[in-house]
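In the form predicted on its own, a lone chain appears below as structure tokens.
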Amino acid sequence: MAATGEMSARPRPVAAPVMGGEASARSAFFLRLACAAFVFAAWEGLSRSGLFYGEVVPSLISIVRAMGVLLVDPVFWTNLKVTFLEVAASLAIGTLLGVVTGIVLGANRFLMRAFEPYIYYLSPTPRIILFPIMIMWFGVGPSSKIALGALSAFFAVALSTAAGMRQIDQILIRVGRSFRASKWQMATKIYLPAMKIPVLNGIRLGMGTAIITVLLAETKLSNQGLGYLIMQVYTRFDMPTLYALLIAVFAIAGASNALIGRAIRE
């Protein structure tokens, strides 16, 4: 009895307080600021250390100054417009073909087993190696970049859409069929609304690969676009402007990714 009373008298361990959502978000924000400050300080230290030849690692002040010059330069905005249109067209074509392919494969088990392995195993293939073929088919203009970018976006969207199709509640499909819905109505009223998140995730991945592919294609053979502009700046060894261009590309890609992420959360 005494042992039992002694055991019952032991204090229970107190659970650690769970950090509230607002406090957690604030801590994460300050951690991001600290990481950014560390990166900036390390960059500036490397720039002033003299360990690198010339301005391979330019100072932050020179990069900010180059960014200011870049943002008021009409040449930058002209090339940005070209790249934006190429990526937008690539993403639109790749998304359309990918969604249609994903719905067809996801809705038909036989076609899925027959053709999905091709898409799955061809997906990791670097699309830039197909650029010479695209040039022969579509010429050296924007069409070859758009075709290559659309091909890059297609695989991510198709695989994500097919996976989303397999996750749709079968009850919804049976309800649509019981009302004798057409294939178009099934796709627009049941399939797409039910797999909004997988499709948008596929578009997000497809956009990233389309941007990379289009920029790479512009660096290889083009006389316009951000990829072409980056190579022109590189040949002049204008490193502050080169880094300013890279930051602009990262910012645009990040903003586009954030917009799609917001659409997923809504």
Partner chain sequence: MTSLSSETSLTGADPSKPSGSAPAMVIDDVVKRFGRGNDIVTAVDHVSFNVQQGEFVSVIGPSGCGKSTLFNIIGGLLGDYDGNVLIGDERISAPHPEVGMVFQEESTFPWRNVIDNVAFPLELQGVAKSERMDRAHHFIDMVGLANFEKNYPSQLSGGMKQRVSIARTLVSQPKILLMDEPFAALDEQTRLLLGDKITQIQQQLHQTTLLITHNLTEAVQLSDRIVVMTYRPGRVKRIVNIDLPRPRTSDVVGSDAFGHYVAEIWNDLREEASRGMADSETAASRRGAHG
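Positions refer to the first chain, counted from 1. If you superpose the two forms and keep the largest set of C-alpha atoms that fall within 1.5 Å, you have the rigid core. Because the structure is predicted, anything quoted here is derived from the model rather than measured.
What comes next is about the form predicted together with its partner chain, which does not appear here.
Asks: Do all of L172, R180 and I190 end up near its partner chain in the predicted complex, with near meaning a heavy atom within 4.5 Å?
Replies: Looking in the predicted complex, the three residues L172, R180 and I190 all sit within 4.5 Å of its partner chain (heavy atoms).
Asks: Quick one: of A163, A194, L80, L97, which gets a non-hydrogen atom within 4.5 angstroms of its partner chain in the predicted complex?
Replies: Spelling it out, the residue with a heavy atom inside the cut-off is A194.
Asks: Can you work out which of Q185, T125, Q167, N108 has a heavy atom no more than 4.5 Å from its partner chain in the predicted complex?
Replies: Partner contact (heavy atom, 4.5 Å) among the options: Q185.
Asks: Select, from the options 155 to 163, 132 to 140, 172 to 180, 87 to 95, the stretch whose residues sit within 4.5 angstroms of its partner chain in the predicted complex by heavy atom distance.
Replies: Partner-contacting stretch among the options: 172 to 180.
Asks: Sequence order please: the residues of 136 to 160 with a heavy atom within 4.5 Å of its partner chain in the predicted complex.
Replies: If the 4.5 Å heavy-atom criterion is applied to its partner chain in the predicted complex, 136 to 160 yields nothing.
Asks: 2 Å or more on the CA of I128 between the shown form and the other one, with the rigid core superposed, yes or no?
Replies: No, I128 moves less than 2 Å.
Asks: I want to check W184: does it shift between the shown form and the other one by 2 Å or more at the Cα, with the core superposed?
Replies: Comparing the forms between the shown form and the other one, which are aligned on their rigid core, W184 does shift its C-alpha by 2 Å or more.
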